[in-house]
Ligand SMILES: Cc1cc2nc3c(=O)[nH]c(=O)nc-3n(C[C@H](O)[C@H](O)[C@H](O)COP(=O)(O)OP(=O)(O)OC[C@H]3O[C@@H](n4cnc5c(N)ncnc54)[C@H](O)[C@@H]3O)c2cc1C
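There is one chain below, alone, in C-alpha cells, taken in the form predicted alone.
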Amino acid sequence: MATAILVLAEQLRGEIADITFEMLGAGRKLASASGVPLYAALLGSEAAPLAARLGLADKVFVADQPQLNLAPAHTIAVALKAILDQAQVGLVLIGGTNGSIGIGSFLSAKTGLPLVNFGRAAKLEAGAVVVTSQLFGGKILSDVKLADGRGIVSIYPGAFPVEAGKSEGTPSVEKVDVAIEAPKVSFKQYLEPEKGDVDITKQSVLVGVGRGMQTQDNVQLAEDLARILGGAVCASRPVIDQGWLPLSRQVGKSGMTVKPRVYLALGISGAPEHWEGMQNSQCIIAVNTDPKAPIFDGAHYGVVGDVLELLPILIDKVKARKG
C-alpha cells in the first residue's frame, strides 16, 4: 500500500472548490483503512490562508509561488512531483474538472504511476486500491485495481459527498519551495458570469432545454415552467452555442455538473456529454419526440411527444395544482 495519500486541493479566487472536500472525504477513508497519512497540496501565492479549511488532512503542503497561480497542467505536475518525492506519496487524488484537466496525465508520465480517469468510487481490497472508473458518460463502469495501492486517480465531480470532507480540525502546515520553470502559458483574465444570473448548481429544480425547443422564442415556455416550479432553466450545448442562453446555464461535460432534486430534460436527446453533467439528479423527467432517444435510457419518467405541445398543458396543470 502507498506510504501516504495526497489530495490536490482546488481553489479559485480565495475559495476552496467542492471537489476538494469530496476528495478529502474519499482519501480519509482510504488512509484510515490502510493506516497511512492523508496530505493535501495547496499551490499558488494566495493559497496559504486556505490551509486551515483542510482540517481532514494530517498535513497541508503549501507552495506559495506566483508561478503556480492558475498555472498550466505541466507546471502543476512538476510541482506535485516535487511534493510526492519529498513526502513519499504513493497515491494521488486529483479533481476531474476543467481546472485540473491534464494534470494527471503529465504527472503519470513524470512518476511512472498509473492513471485512472473518471473515478466514481474507491475502496481498499486486500492491500490494493480498487477504483470504479466511469466510461462513455457512465454507460460502462470499470473496476481498476491498483495492486500495490499506488497510482493517480482523477475523481469525477459529484461522486462523493462534500460534507464528508469537511472538518473543524487544524492540520499542520508545511511550506515548500519547488523548482519550476516559468510556464509558457499564463493566465490573463477571469471572465465573470453575467451579473444577476442564477447558479444552476445550487438549484433544486432545473428545466433543461435542447434542440427540441426549435427557436429561441420558445425557451420562454421553459422559463415560465421553471418560475412556477421555483427553479431555473439550463440547457444542452447546442442551445448555448446558438446564443439562446448564457454559458453559465450549460450542463454537461464542457459545462456545469448539477444534482438537482428534479431535472426536466425537454427536447434533449441525451448525448453522453450532456448526461455526464446531470445523471446524478434525484429525479429525471424526459420529453422527446424520438422514443429511441438515449435520454430515456436513464430517465426515471419519460414522455414521447412534442415538448412545445406539452409545455403549455404542463404549465396550466402546475398552476392549477398550486391553486
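Predicted model, so just to flag it, every value in this text is computed and none were measured. Just so we're on the same page, rigid core means the largest C-alpha set that superposes within 1.5 Å between forms. Numbers follow the displayed sequence, beginning with 1.
The discussion below concerns the form predicted in complex with this ligand, not included here.
*Asks:* If we define contact as a non-hydrogen atom of the residue within 4.5 angstroms of the partner, is Pro312 a contact of this ligand in the predicted bound form?
*Replies:* Residue-level check for Pro312: no, no contact with this ligand.
*Asks:* Can you work out whether Pro183 and this ligand are in contact in the predicted bound form, taking contact to mean some heavy atom pair no more than 4.5 Å apart?
*Replies:* Contact check for Pro183: no, nothing within 4.5 Å of this ligand in the predicted bound form.
*Asks:* How about Ser154: is it within 4.5 Å of this ligand in the predicted bound form, going by heavy atoms?
*Replies:* It does not: once this ligand is placed as it appears in the predicted bound form, Ser154 has no heavy atom within 4.5 Å of it.
*Asks:* Is it the case that Ala41, even though its partner is missing from this view, gets within 4.5 Å of this ligand in the predicted bound form, heavy atoms only?
*Replies:* No, no contact at 4.5 Å.
*Asks:* Among Leu221, Val262 and Lys317, does every residue place a heavy atom within 4.5 Å of this ligand in the predicted bound form?
*Replies:* Contact check failed for every one of Leu221, Val262 and Lys317.
*Asks:* Pick from Leu80, Val129, Val251, Leu91: which has a non-hydrogen atom within 4.5 Å of this ligand in the predicted bound form?
*Replies:* The option sitting close enough to the partner is Val251.
*Asks:* Would you mind picking the one in Ser34, Gln67, Thr289, Asn280 that has a heavy atom within 4.5 Å of this ligand in the predicted bound form?
*Replies:* The option sitting close enough to the partner is Thr289.
*Asks:* Can you tell me which of 69-77, 121-129, 210-218, 165-173 lies within 4.5 Å of this ligand in the predicted bound form, counting heavy atoms only?
*Replies:* This holds for exactly one stretch, 210-218.
*Asks:* Using a 4.5 Å heavy atom cutoff, which residues in 255-270 contact this ligand in the predicted bound form? It's fine if the answer is none.
*Replies:* Gly255, Gly267, Ile268, Ser269, Gly270, in sequence order.
*Asks:* Once everything's superposed on the core, is Ser254 shifted 2 Å or more at the Cα between the shown form and the other one?
*Replies:* It does, since the Ser254 C-alpha is displaced 2 Å or more between the shown form and the other one after the core fit.
*Asks:* Using a rigid core superposition, assess whether Asp64 undergoes a CA shift of 2 Å or more between the shown form and the other one.
*Replies:* No, the C-alpha position differs by under 2 Å between the shown form and the other one.
*Asks:* Taking the rigid core as reference, does Gln242 move its C-alpha 2 Å or further between the shown form and the other one?
*Replies:* Yes.
*Asks:* Versus the form shown, are the CA atoms of Phe160 and Met256 closer or farther apart in the predicted bound form, given a shift of 3 angstroms or more?
*Replies:* Relative to the shown form, the pair is farther apart.
*Asks:* Please say whether the CA atoms of Pro294 and Ala122 come closer or move farther apart in the predicted bound form, knowing the change relative to this form is 3 Å or more.
*Replies:* Closer, not farther.
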